[in-house]
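Here you get one chain, nothing else, as structure tokens; it is the form predicted alone.
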């Protein structure tokens, strides 16, 4: 793949300035027309996307629908139904010292925004944020991943057919193109990717004091306790883990299972894997329902994690087959993994699932809190007190109880990380706000109380100020 011309990038960025200024006063109808055009052009290429995803990493059409089209279409539908409400200035009540004023929060477009998307869900993670950016009234430049060239090229053709470059543009390329883009003074950067690259993006944004939304990753833990519905836990965990062949930022990275139900849970997981992908290694490798690892380099990385764990004494419970030439690794379950194994410290991002037995929930919570805060946390349990304890004593970007991954698709929930797993939120109104500046607007009247604080500071005024400050110590009614 060739790199984008830096001069073209600069010219496009410069051309978007006038558009961004004009779009500050854009109406909801104007913004929605842009979103509808994007929707219609995307849906017209439905079959072409099937072919592009198959070419890039053999992603099944059903998963293209469920994990690429569905999130974007839901984002669009949400915006079409609620944008007018989101854009409306929000009136706020005056506080005690602001009596006599009127105040509101006004939502303004940030301006020119950059969307940098990864390879694992290239359509969803490019066009989903773009919908939010357009809803908020911004221009945008999009940088998709070079690791899914067929999908990236198709998205580029769609963008070029719908928008002039001074409104929305897409540039393909690898690290050199990303570096050129990150040198530009965007008003906001929306980045989805690894924590390591997220730090570089944040550092680049800091040079221009640009705001950022960072959707990163981490080792999202799961807990299956002794009270859990094991059939439900196996069905949902095997779906969330092996969807997109494990290449999901919120995929369960490892699972803590209570020792008393561990063997039964493993048996249930094996049964689910055989039902979904085939009864033996050959059938699973031939399955049309299992995507491939995105490229040979990532296949080798995953194979190395598996080999390291096995060499250190880990036990293979299911899977383990590797074919680097075909970028294939079977859905794999492991246990008895020693503490020094790399698979316990590196984000897996593939079809390998460590299963860790435990006896005390406090030990699991301590282990979770000793690691960087994850993007997601999952717990399967019918014990409300245990669930409450996990949710109260841990921190993660999001969490699911008796499910996994699905919170990503809930348009009324904020999606995002915390600290190492990200900052800021996306989806629905949260995505609209991520790409908006919440401007505080105060309108004064001649009777406003603040006049009491103007000099000259006579003894009477000083005494009055003391009285007001003392009154603020009283609880609000």
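This structure is a prediction, so every number in the text was calculated from the model and none was measured. Numbering follows the first chain given and starts at 1.
This next part talks about the form predicted in complex with a small molecule, which is not shown.
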Next on the checklist: Taking the small molecule as it sits in the predicted bound form, is residue 328 in contact with it (heavy atom to heavy atom, 4.5 Å or less)?
Outcome noted: no
Checklist entry - Would residue 308 show up as a contact with the small molecule in the predicted bound form if we use heavy atoms at 4.5 Å? => result no
Next on the checklist: Residue-level contact is defined here as any heavy atom of the residue lying within 4.5 Å of the small molecule in the predicted bound form; does residue 131 satisfy this criterion?
Outcome noted: no
Checklist entry - Using heavy atoms and a 4.5 Å limit, would one call residue 218 a contact residue for the small molecule in the predicted bound form? => result yes
Checklist outcome for this item: Interface check vs the small molecule in the predicted bound form: of 79, 375, 189, 233, the one with a heavy atom inside 4.5 Å is 375
Checklist outcome for this item: The listed residue (213, 222, 381, 145) that reaches within 4.5 Å of the small molecule in the predicted bound form by any heavy atom is 145
Checklist entry - Which one, 352-360, 195-203, 265-273, 320-328, holds residues whose non-hydrogen atoms are within 4.5 Å of the small molecule in the predicted bound form? => result 195-203
Checklist entry - Quick check: do 23, 114 and 167 each get a heavy atom within 4.5 Å of the small molecule in the predicted bound form? => result no
